[in-house]
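Encoded as structure tokens, the following chain is the form predicted alone, with no partner shown.
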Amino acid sequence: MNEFKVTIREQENAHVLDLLGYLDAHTAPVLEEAFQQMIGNGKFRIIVNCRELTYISSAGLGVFMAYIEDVRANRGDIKMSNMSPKVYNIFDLLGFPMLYDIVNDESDAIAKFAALS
């Protein structure tokens, strides 16, 4: 079975989810739990750092779709950073760059949240 891990850390004006490994239907509940924890704790400025994400399936993409409305309804957003070209191509193929702010580096996402403050 492929491994997937999420760590949560606070970074200036946002919270960062660091994704590690292989995100598919079997591992998606780990990411769902992280989003539920963030939303349950009133954390709506979320950066998803994909530096260590090696693969994402449609089930993994579905997790982002499941929570974006709740986050934006609370004046927050989900910004994604540090994607490898392979992972970005999957997001791009399904039109995610039109729905989500995808930036090159985590610091770019932090700056965009800071501009909203």
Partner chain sequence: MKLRNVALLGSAGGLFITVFIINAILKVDVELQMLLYVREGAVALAFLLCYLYVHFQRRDSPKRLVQKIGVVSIWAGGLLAAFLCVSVLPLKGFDTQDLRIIPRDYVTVFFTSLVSIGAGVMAIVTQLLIKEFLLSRRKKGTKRNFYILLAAMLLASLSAADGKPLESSVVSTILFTTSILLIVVNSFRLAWIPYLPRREKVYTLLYSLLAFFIFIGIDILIANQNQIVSRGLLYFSHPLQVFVQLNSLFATVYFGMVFISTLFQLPTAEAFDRKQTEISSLHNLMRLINQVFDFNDLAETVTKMTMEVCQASGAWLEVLPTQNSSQKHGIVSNRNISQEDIAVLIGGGDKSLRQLVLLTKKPVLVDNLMTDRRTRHLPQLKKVGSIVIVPLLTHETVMGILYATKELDFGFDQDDADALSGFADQVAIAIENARLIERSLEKERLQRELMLAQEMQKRLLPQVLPVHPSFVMHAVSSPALEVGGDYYDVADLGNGRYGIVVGDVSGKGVGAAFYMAEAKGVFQALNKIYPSPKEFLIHANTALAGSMDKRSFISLLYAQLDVRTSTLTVARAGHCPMIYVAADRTHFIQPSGIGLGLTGGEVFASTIEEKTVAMHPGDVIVLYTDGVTESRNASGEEFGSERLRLLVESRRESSVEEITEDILQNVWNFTDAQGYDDDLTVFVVKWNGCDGSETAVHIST
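Just so it is clear, the structure is predicted and the values come from calculations on it, not from any experiment. Residue numbers count along the first chain shown, from 1.
The protein also exists as the form predicted together with the partner chain; that form is not presented, and the subsequent description refers to it.
Novice: Within 4.5 Å of the partner chain in the model of the complex - does that hold for a heavy atom of every one of I90, L94 and L99?
Specialist: All of them do, each having a heavy atom within 4.5 Å of the partner.
Novice: Would you check, heavy atoms only and a 4.5 Å threshold, whether E32 touches the partner chain in the model of the complex?
Specialist: Flag for E32 set to yes.
Novice: Contact between L61 and the partner chain in the model of the complex at 4.5 Å, heavy atoms?
Specialist: L61 belongs to the contact set for the partner chain.
Novice: Is it the case that Y55, even though its partner is missing from this view, gets within 4.5 Å of the partner chain in the model of the complex, heavy atoms only?
Specialist: Looking in the model of the complex, residue contacts with the partner chain include Y55, since a heavy atom lies within 4.5 Å.
Novice: With the partner left out of view, is Y67 within 4.5 angstroms of the partner chain in the model of the complex by any non-hydrogen atom?
Specialist: It does: once the partner chain is placed as it appears in the model of the complex, Y67 has a heavy atom within 4.5 Å of it.
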